[in-house]
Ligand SMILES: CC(C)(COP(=O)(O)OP(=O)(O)OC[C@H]1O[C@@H](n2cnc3c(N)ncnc32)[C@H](O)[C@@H]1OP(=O)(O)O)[C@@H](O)C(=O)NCCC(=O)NCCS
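Starting off, we have a lone chain in the form predicted on its own, written out as structure tokens.
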């Protein structure tokens, strides 16, 4: 799936939101590792990543060629500062209407509107792909993210009090959220 949009950030800089391509493998992997070092809110730790830059390049190529999945990069002045994407829940008929949403942004760029723009881009792509529902999990203590998702139409449908087991803080409660895209 392909996507491209130029947005103006709160500080006046331009940010390009675009699908990642094979040539972005190294930059995307670097950003992935960085963002996972910066916060305890994401699914994995940097040392759990086993993907190489070449494997990341292949992953981005597959997403670009896909009709129902995407990995979007946020780029400022040639530097990748964020990643967001949608993945199909599965190919089985009963869950084919559902997609998963994930996002990570370099902490140095938080608060500029990139998260909202990338969330909206993924919602748009999920609709284009024909999904009826977009889903995510977010740590309950990440109140900024929860508020963003709610403002974009996601609603809570449950909680998992032991969803993550953090090396730093122990149990983290996950808020399960979904957004209906079509009836």
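Residue numbers count along the first chain shown, from 1. Given the structure is predicted, the values throughout are model-derived calculations rather than measurements.
The protein also exists as the form predicted together with the named molecule; that form is not presented, and the subsequent description refers to it.
Stretch-level contact check against the named molecule in the model of the complex with heavy atoms at 4.5 Å: of 139-147, 60-68, 125-133, 154-162, the positive one is 139-147. For the chain shown alone, residue 33 is not a contact residue for the named molecule in the model of the complex, no non-hydrogen atom being within 4.5 angstroms.
In the model of the complex, residue 13 stays away from the named molecule, with no heavy atom inside 4.5 Å.
For the chain shown alone, residue 39 is a contact residue for the named molecule in the model of the complex, at least one non-hydrogen atom being within 4.5 angstroms. Although the partner is absent from this view, residue 113 contacts the named molecule in the model of the complex, with a non-hydrogen atom inside 4.5 angstroms.
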